[in-house]
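First, one chain by itself in structure tokens, the form predicted alone.
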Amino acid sequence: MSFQATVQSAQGVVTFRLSGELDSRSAPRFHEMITQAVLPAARRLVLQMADLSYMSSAGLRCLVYAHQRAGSGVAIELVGTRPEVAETIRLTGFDRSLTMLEAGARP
């Protein structure tokens, strides 16, 4: 399954909707989207991940980059993360740097 991503920004919230497989082939495109997003002006970064079926270490590096680019004052939320993708994030300990929410959850 190919990788798809969209980004929206409104009222200090930058939302990425990810689907498919975030791997070494698709990570450069997502990295560029993160670079283009106005993250320093954001209060919150939301990644809708219910349709993301796979994430490699290259994808995880993109999340770390987003965290660094956004800065320490920006809350990062992963919404609807599938168990197999969540496990990748937890194994690295990066889950302690963000909030993982069930699909449909409201913070």
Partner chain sequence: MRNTDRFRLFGDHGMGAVVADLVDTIAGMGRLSRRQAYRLRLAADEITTNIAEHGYHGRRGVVDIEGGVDDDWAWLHIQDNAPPFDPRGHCPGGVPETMHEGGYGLFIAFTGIDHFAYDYFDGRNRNTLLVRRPADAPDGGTDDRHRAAGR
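Only a predicted model underlies this, so the values are computations on that prediction, with no experimental measurement involved. Numbering follows the first chain given and starts at 1.
One more form of this protein exists, namely the form predicted in complex with the partner chain; it is left out here, but the text below deals with it.
When you look in the model of the complex, the only residue of Ser19, Thr99, Thr88, Ser9 with a non-hydrogen atom within 4.5 Å of the partner chain is Thr88.
Not one of Thr15, Arg43 and Ser72 is positioned with any heavy atom within 4.5 Å of the partner chain in the model of the complex.
Although the partner is absent here, Met49 sits far enough away that none of its heavy atoms falls within 4.5 Å of the partner chain in the model of the complex. Interface residue remark: Arg29 is not counted as part of the site for the partner chain in the model of the complex, having no heavy atom within 4.5 Å. A residue is said to contact a partner when one of its heavy atoms sits within 4.5 Å of a partner heavy atom; His67 fails this definition for the partner chain in the model of the complex, lying far away. Using a 4.5 angstroms threshold between heavy atoms, Leu60 counts as touching the partner chain in the model of the complex. Residues of 22 to 36 placing a heavy atom within 4.5 Å of the partner chain in the model of the complex, in sequence order: Asp23, Ser24, Arg25.
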